[in-house]
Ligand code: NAD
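Presented below, as structure tokens, is a lone chain in the form predicted on its own.
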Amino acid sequence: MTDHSIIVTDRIADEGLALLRDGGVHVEYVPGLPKDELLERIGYHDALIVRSETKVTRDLLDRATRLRIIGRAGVGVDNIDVASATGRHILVVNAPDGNTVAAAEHTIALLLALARQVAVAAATLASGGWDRSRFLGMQVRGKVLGIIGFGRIGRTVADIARNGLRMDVLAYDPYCPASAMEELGITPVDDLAALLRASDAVSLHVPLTADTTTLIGAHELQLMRPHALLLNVARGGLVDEEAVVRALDAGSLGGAAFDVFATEPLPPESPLRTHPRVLVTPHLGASTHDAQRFVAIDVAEQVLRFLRGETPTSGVNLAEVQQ
């Protein structure tokens, strides 16, 4: 495969790069490459590997005259214009399993930290305070966790919450059979409003699509319990962030934790950064050494498999491209 060329424009783990370089292909590793330079170079490559930083847009694909496959070292492909890629018969693959545990663990970490006010209490102590009575937390055992989206990460969060934290878990996912939830001891709910009304904490685990944009807005927040916690470690844009701040200020929501945002990086002036009942992290859901190693290896193997004429295991648009 020495005549094949791969360009990698975001940082991936060394193990993935080693696989590519040992795979008999030319590898150009240029993380952080400016868009104008990428536009100039993309036409010389058969494959492109990205994480979330590179935006694979229509104008970029217009220049990609040799490109046959795009590999996303992670799950979400909202930074890739999949429709335009499909129209050009370019396969898009992702690594859906590699960061499942990392994202689920980060969700649970935020849940516990928010319930016990860990971040604000630590900041107060670091600044010289000792106000124990101010930080009366919520015990999560016996509480109800509502999960929106019952894919790989949602299921893993449900398993940890139910079997590890002994929470009662509800799940809403119109694309998942109720029997799949019941087999795991999870209570299926066929109505989003019912889940919001019944939950002490709600966690989002769905992709960002036209149907899920602002899935949680002012109306949905009004349905939640005043003490309830809202968690988004899935995708920015699923939640109306301004409506969350208003709900918190009005006392109609107990707290919120965000790892992803409608605009990233989160603007310095965003009230989410300083609100006392908001916990924010800078898109760390997949940021473990283990997860980055797993997704890099996975996507490298799939790209090499495709270039050898074999079928990848996680083709996002495989059926459409093969038509």
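What you see is a predicted model, and the numbers here were worked out from it, not measured in a lab. Numbering starts at 1 and runs along the sequence shown.
Just so you know, the form predicted together with the named molecule exists too; it's not on screen, but the next bit is about it.
Open item on the list: Counting any non-hydrogen atom inside 4.5 Å, which residue from I216, V92, V75, A158 sits next to the named molecule in the predicted complex?
Closed with: Selected option: V75.
Task: Candidate from G251, G137, G164, P174 lying within 4.5 Å of the named molecule in the predicted complex - any heavy atom - done: Contact residue from the list: P174.
Open item on the list: The chain here is shown without the named molecule. Which stretch in 79-87, 116-124, 150-158, 195-203 comes within 4.5 angstroms of it in the predicted complex, by heavy atom distance?
Closed with: Of the options given, it is 150-158.
Task: Contact flag, G255 vs the named molecule in the predicted complex, heavy atom cut 4.5 Å - done: Judged by the heavy-atom cut-off of 4.5 Å, G255 is well away from the named molecule in the predicted complex.
Open item on the list: With the partner left out here, check for me: in the predicted complex, does some heavy atom of A47 sit within 4.5 Å of the named molecule?
Closed with: No, A47 sits far enough from the named molecule in the predicted complex that none of its heavy atoms falls within 4.5 Å.
Open item on the list: Within 4.5 Å, heavy atoms only: does R235 come near the named molecule in the predicted complex?
Closed with: Yes, R235 sits close enough to the named molecule in the predicted complex that at least one of its heavy atoms falls within 4.5 Å.
Open item on the list: Taking the named molecule as it sits in the predicted complex, is P207 near enough to touch it, meaning that at least one heavy atom pair lies within 4.5 angstroms?
Closed with: Output for P207 is yes: heavy atoms within 4.5 Å of the named molecule.
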